[in-house]
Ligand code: ADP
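Given as structure tokens, the chain that follows is alone and in the form predicted on its own.
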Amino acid sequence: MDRPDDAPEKRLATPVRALRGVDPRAAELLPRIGLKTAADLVFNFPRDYLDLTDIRAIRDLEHGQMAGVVGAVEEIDHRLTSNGGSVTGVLIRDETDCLRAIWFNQGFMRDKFKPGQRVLVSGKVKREGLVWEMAHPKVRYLQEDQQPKGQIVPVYRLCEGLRQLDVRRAVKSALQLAHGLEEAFPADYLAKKRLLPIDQAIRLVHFPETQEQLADARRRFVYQELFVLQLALALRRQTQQESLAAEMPATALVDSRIRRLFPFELTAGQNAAIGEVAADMARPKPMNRLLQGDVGCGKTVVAVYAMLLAVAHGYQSALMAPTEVLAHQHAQTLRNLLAHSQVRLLELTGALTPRERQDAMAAIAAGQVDVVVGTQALIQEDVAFAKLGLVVIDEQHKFGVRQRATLKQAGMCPHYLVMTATPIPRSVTMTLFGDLDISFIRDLPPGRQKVNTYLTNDDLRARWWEFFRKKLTAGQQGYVITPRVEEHETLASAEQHFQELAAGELAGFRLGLLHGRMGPDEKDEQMECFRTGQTQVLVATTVVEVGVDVPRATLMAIEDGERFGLSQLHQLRGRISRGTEPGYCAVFCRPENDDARKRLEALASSTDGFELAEVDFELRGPGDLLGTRQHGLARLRIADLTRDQELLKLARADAQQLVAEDPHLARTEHALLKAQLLRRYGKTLDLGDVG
């Protein structure tokens, strides 16, 4: 057992500058990428690996592939180049052919070889005329009778001036101190789940000798990372279910009073979602439900039903939207639906004057308001509800974990409903929203027409604008979407598009301009003009991506379509054909790579947002999805939600089973797991009670 002064935590707290073998230059650079101590190095997992275990005869090499070659040094040459640099070349021959290893501006390499020396060189090979070449290969010097053995080499994140060699040396030095690490899992659990012990896994994840060792080591840490996250989500869910909330049953009388406010028949999907929401709200436990639906499926109807159900039982409801434009539209929709009811509605955004805001605060706190619709202004400290019974958050992906936790604290255990019109990939749903029940609306209201999508280019612009003008003349409206506000070397700005269209293809038509740098009043004015038909065409950035509903808008031109994500393009397309007329969306694009081309082809071939979300996720990966910038959850260090989906499902099921058996992780054998999840997620997931 480690003595207190030799505990792993103490050893791994050693600064990088004090590690044996780390040169001073590297010690200055490593902290720039967050590597300040031995522990940082040990748990800085490689971002990739070079597999140099494939040793081949030179005649069997393949252009562009990684490989290792064993041979004897035949010639060594060194020459200066015209720009003052140098090239060092080493000709290596085996029984089948020869290969030239080259180094640029590394003259010292010529002194590292001698004719006849037996070496193993590994790297990417390319064919230059009749000769195979390998630039800056990894070299191993072999004894005459030594059997060559390839390597799997870790690849780490770098900063300017830092080399892979520097990081590898530092990691090797830090690993000398990484023995006796605390094991979060009981021994029988490791055996049951076929997981390597941490002391073995931590070495093999950095420097494996075989692909099997790498797979086993990586599996250990991916499982642990996902398991701890799922455990935190399961505990959050558990603590939520231990809270009390008001019971709000949807009696036959209440149900009929709410439904008669809707001037249309609800779809099967809307009715099913309302049934799930109503069942949740009838229980004395707080509802925590995510409502997913494709663009235009009518999620707002479900939210309105839930809010009116709370009001019918004497409670207040709050609806939070990501933008003032969308908050205003929700408020307008509610005003129209509630025109002949006694429900008191208030709109709370950052556009209110100080006096208006003060009056609004007083009315909310006094219980003189039933439904509050707003933006993030709702979660500021001075907002106090008299009797908050339901929180609805629209476009949940625009908000973070911390924001939704803050709004929940605004009342005594309100019911909680979040909605998104951006269908979320399954693996992301299990992580970001793992603490929520999920409802889906997959059908569309009757009468909704198809949007015809075309991928096009500059050659067909004249034909498109002729078609666009014809539809405008017939009384329809359209959007022109640009990815930027300011000018760029290759992309025109929203203002520039507006000016060019007003003077060119759309001269004589009424155009409006909308982008994120406008003030709230100006945005509202432009949107209102478009909504009421005073302007026929809205030139805009992605500020119109969610929520804006203009039934006569059936046309959309998207400029530089390759600059948008697939889900974003689908959201934009969803702004048109929201009435009874079919829509037409032209995406002008110049795909620069295969991923961009696949993304655009998927958009043209499918209108199913759930299907497109999976394609987009597969192509682009999670990116910063779990980064603190957006959601507040700690960024994943080694797990990849695109490639590790099966392990995610296993970790989720295991975590839920463990919480069912030990609801507060009170057992001694779970103490380290509990400490780890509280350290990583306790604050962001509001798990203080578990501690």
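Computed from a predicted model, the values in this text were never measured in an experiment. Just count from 1 along the sequence shown to find any residue number.
This next part talks about the form predicted together with the named molecule, which is not shown.
Undergrad: Any of the heavy atoms of E347 lying within 4.5 Å of the named molecule in the predicted complex?
TA: No, E347 stays farther than 4.5 Å from the named molecule in the predicted complex.
Undergrad: Might V587 be said to contact the named molecule in the predicted complex, defining contact as any heavy atom within 4.5 Å?
TA: Because no heavy atom of V587 falls inside 4.5 Å of the named molecule in the predicted complex, the answer is no.
Undergrad: Spell out, yes or no, whether the shortest heavy atom distance between L266 and the named molecule in the predicted complex is within 4.5 Å.
TA: Flag for L266 set to yes.
Undergrad: Can any non-hydrogen atom of V277 be found within 4.5 angstroms of the named molecule in the predicted complex?
TA: No - in the predicted complex, heavy atoms of V277 and the named molecule never come within 4.5 Å of each other.
Undergrad: Scan L566, V371, A234, C297 and let me know which has any heavy atom within 4.5 Å of the named molecule in the predicted complex.
TA: Contact with the named molecule in the predicted complex is made by C297 alone.
Undergrad: Which residue among R578, R168, R203, K138 has a heavy atom within 4.5 angstroms of the named molecule in the predicted complex?
TA: Exactly one listed residue reaches within 4.5 Å, namely R578.
Undergrad: Counting only non-hydrogen atoms, choose the one of 508-516, 424-432, 192-200, 444-452 that falls within 4.5 Å of the named molecule in the predicted complex.
TA: Flagged stretch: 444-452.
Undergrad: Give a yes or no on whether each residue among Q270, V301 and E395 has a heavy atom within 4.5 Å of the named molecule in the predicted complex.
TA: Result yes, every residue of the spot touches the named molecule.
Undergrad: Check each residue of 649-676 against the named molecule in the predicted complex and list those with a heavy atom within 4.5 Å, in sequence order.
TA: If the 4.5 Å heavy-atom criterion is applied to the named molecule in the predicted complex, 649-676 yields nothing.
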